[in-house]
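Encoded as structure tokens, the following chain is the form predicted alone, with no partner shown.
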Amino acid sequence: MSIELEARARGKREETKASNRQAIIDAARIVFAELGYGATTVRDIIRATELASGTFYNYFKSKEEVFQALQDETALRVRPRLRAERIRARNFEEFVSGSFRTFFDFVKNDHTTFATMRRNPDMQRVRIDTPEVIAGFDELRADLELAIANGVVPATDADLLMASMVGVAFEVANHLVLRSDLSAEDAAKFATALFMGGVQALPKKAASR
């Protein structure tokens, strides 16, 4: 076989691998949302694909690994949008409101993924601190530290501020998934008002010497 044909064959194999892995993740997203994480089995996920049963284990060892891959994929899609909103913010309120609005818009438009998270009563036994999720938290912390240094965000503890923003975002997102009467814009306004009021009441962090 010529070098060119070998390259084509290798490229085709890699394409097939990527396609199969994505098919498993896409199927898992739907099955987790329908059945909940606890009730879902690997067999349920395989049945939702057109792949042979043994193919699953070429890519994942368990349903937990698929769930973690789903979290990473979701984080990779939303992180650039969140970062762009935070970078363009001219003041603290824009920093907060832009972050919440972008995240809640994403949740509304990707209802299946977040329904998966909402219908997971066994979440405490599943790792959601995947590499891409952690990287997203690290980006938010870094942006907060920079905004504090530039005077855009009030001087306070960046770690606690990051944790608070993430907590509010995910808790409100849970209700956004469940309630058809709640829009992403209304959820963002509520979260922003709540967060802004809370931060204004915080004691200012002393400037470092």
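Since the structure is predicted, the reported quantities are computational estimates derived from the model, not experimental observations. Note that residue numbering follows the sequence shown and begins at 1. What we label the rigid core is the largest C-alpha set whose atoms superpose within 1.5 Å from one form to the other.
Below: the form predicted in complex with the DNA, not depicted.
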Option from 25-33, 179-187, 51-59, 152-160 whose residues, in the predicted bound form, bring a heavy atom within 4.5 Å of the DNA: 51-59
Is the gap between residue 192 and the DNA in the predicted bound form 4.5 Å or less for some heavy atom pair? no
Answer yes if any heavy atom of residue 172 is within 4.5 Å of a heavy atom of the DNA in the predicted bound form; otherwise answer no. no
Do residue 11 and the DNA come within 4.5 Å of each other in the predicted bound form, heavy atoms counted? yes
May I ask you to check whether residue 147 falls inside a 4.5 Å heavy atom distance of the DNA in the predicted bound form? no
Let me know which residues along 32-47 have a heavy atom within 4.5 Å of the DNA in the predicted bound form, or say none if there are none. 41, 42, 43, 47
Residue 57 C-alpha shift between the shown form and the other one of 2 Å or more, rigid core reference: yes
Does the C-alpha of residue 46 move 2 Å or more between the shown form and the other one once the rigid core is lined up? yes
